[in-house]
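Here's a solo chain for you in structure tokens, the form predicted alone.
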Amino acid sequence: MALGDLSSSSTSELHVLAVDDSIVDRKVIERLLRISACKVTTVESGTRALQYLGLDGDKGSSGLKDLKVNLIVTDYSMPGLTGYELLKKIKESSAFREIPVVIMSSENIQPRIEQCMTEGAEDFLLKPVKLADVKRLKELIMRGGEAEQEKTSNLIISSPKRILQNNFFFNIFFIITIIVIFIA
């Protein structure tokens, strides 16, 4: 299991569990969250997320259960347990149902977005996730969910030109990230 920073920190620091099967996407979201002064734990699958949270049925699966997680950010499309299935399992759990879950996807599929929101997702972000999205989510969580979602949110992009523009910047950003990861 690939875990991010697990050191103890101040109680005001937001602890985010980031779930994505793509190492590049995990690194991007981890970096954005750290820039926003969040503590980040990363895992590579929905199954690993359940193990980390102790929701996999194996009592000895997580020695980290005492760590407080304030937010879970997960990719929608992952092999095995999808982000949507992870969301459902978290919302069915009495211990974790109050933790906000944000779903990310590179696909702008309206029924999928509505399904996740109906099932209890806090937000649905289209990739590439931007620093502004992370800061908005952090403010929302820190204020206890009372903040209004901005209309400029990444939630629904209907313009094909905007989608192409985002994909171009997304690809450039990932190329740079991959180069940085493999050089460092």
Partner chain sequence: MELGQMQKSLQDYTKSLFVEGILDSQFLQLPQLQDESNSDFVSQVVSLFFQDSDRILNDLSLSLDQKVVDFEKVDPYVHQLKGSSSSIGAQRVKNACVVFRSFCEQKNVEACHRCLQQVKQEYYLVKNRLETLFKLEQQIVASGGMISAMDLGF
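What you are looking at is a predicted structure, and each value in this text was computed from that prediction instead of being measured. Residue numbers count along the first chain shown, from 1.
Keep in mind that the form predicted in complex with the partner chain is missing from the display, and what follows is about it.
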| query | finding |
| --- | --- |
| In the predicted complex, the residue from 28, 55, 121, 141 that sits within 4.5 Å of the partner chain by heavy atoms | 28 |
| Listed residue that, although the partner chain is not shown, lies within 4.5 Å of it in the predicted complex (heavy atoms), from 32, 40, 50, 116 | 32 |
| Residue 69, heavy atom within 4.5 angstroms of the partner chain in the predicted complex | no |
| 4.5 Å heavy atom contact, residue 125 and the partner chain in the predicted complex | no |
| is_contact(residue 107, the partner chain) in the predicted complex, heavy atom dist at most 4.5 Å | yes |
| Contact of residue 93 with the partner chain in the predicted complex (heavy atom, 4.5 Å) | no |
| The partner chain in the predicted complex - contacting residues of 107-139, heavy atom within 4.5 Å | 107, 128, 129, 130, 131 |
